[in-house]
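Single chain ahead, by itself, as structure tokens, in the form predicted alone.
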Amino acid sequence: MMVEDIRPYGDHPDDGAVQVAFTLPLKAGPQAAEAARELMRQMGIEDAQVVHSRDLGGDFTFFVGYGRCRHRVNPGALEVPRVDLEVMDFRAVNQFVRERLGRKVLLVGACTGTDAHTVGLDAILNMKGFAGHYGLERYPEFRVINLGSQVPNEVLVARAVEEGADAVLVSQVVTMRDVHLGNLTRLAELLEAEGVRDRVVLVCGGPRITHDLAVELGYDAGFGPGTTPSLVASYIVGELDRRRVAGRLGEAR
């Protein structure tokens, strides 16, 4: 049964209880606390309470507030941006590669630019994997090249071209001032300039990545938090097979 017009749940259904946290450019004190409460009220939070504040130094104060959200949402009316695919498990992916592609799949992945956070990339590529799913390095029908962190886009592209990669995976965790947007766009442009963009499956992932955003930036797919290796593997091999059937795969390998 579809639920309609729901509110957050706290002590009991439909009480609208929420917790918010934010920083204001104000020196800690009564005026800053009242400003925080007023901001919460303008967010649609009733019975706004500041339950914690901390002076961050200078003219900045961090707040934690509680209250009741008066707004509602109908989840049945929402369109969720996501990759539409059938997720296969470890064995099924490898069998699919053997039967449909007939060769190993070559992946090159990296955290590019100034991004030094490999937790997302390693969750997908490292043999240990994530959430009980083996990483792609453990798939016998995959060959994985993990270049690690702080890799210039030019280096990633050059390695992908040199190896004849089937797929390029890039992780972006650092998103301050939207630095990930420019970096991801630059990578897609470099692949285009090298004349290999149509020959590789280009995938990005990270805490602020959605499928719609990835497509907008020139990628084939985007994956956000909680993505498992089997999901990414299923997408890549499925996309490679679609291209094979369409006659778009293998011309320049």
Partner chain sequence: MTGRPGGLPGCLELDPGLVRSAREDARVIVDEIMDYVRHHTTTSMERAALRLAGINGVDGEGTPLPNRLVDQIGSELGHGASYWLFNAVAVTGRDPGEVARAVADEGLDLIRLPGADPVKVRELGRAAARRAMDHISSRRREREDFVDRLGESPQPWLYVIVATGNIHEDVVQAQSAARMGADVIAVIRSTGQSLLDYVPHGATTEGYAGTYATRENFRIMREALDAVSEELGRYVRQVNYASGLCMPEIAALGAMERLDMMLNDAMYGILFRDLSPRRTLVDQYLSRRISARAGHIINTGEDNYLTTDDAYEAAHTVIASQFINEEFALQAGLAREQIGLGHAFQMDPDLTDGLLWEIAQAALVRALFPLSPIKFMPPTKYKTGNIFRSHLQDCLFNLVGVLTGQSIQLLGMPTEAIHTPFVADRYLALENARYVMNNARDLGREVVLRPGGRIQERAVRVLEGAAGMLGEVRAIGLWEALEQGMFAGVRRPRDGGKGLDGVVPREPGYFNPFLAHLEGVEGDG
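Positions refer to the first chain, counted from 1. Think of the rigid core as the biggest set of C-alphas that the two forms share within 1.5 Å after superposition. The structure displayed is predicted, hence computed values, not measured ones.
Here the subject shifts to the form predicted in complex with the partner chain, a form of this protein not shown in this document.
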Exercise. In the predicted complex, which of 158-166, 131-139, 116-124, 91-99 comes within 4.5 Å of the partner chain (heavy atoms)?
Worked result: 116-124
Exercise. Is Leu231 close enough to the partner chain in the predicted complex to count, meaning some heavy atom within 4.5 Å?
Worked result: no
Exercise. Contact between Gln150 and the partner chain in the predicted complex at 4.5 Å, heavy atoms?
Worked result: yes
Problem set entry | Interface membership of Leu85, the partner chain in the predicted complex, 4.5 Å heavy atom rule | no
Problem set entry | 4.5 Å heavy atom contact, Val174 and the partner chain in the predicted complex | yes
Problem set entry | Residues of 41-66 having any heavy atom within 4.5 Å of the partner chain in the predicted complex, listed in sequence order | Val51, His52, Arg54, Leu56, Gly57, Gly58, Phe60, Phe62, Val64, Tyr66
Problem set entry | Core-superposed C-alpha of Val215 shifting 2 Å or more between the shown form and the other one | no
For this session: Classify Arg197 as shifted (yes) or not shifted (no) between the shown form and the other one, where shifted means its C-alpha moves by 2 Å or more with the rigid core superposed.
Result: no
Problem set entry | Gly10 C-alpha shift between the shown form and the other one of 2 Å or more, rigid core reference | yes
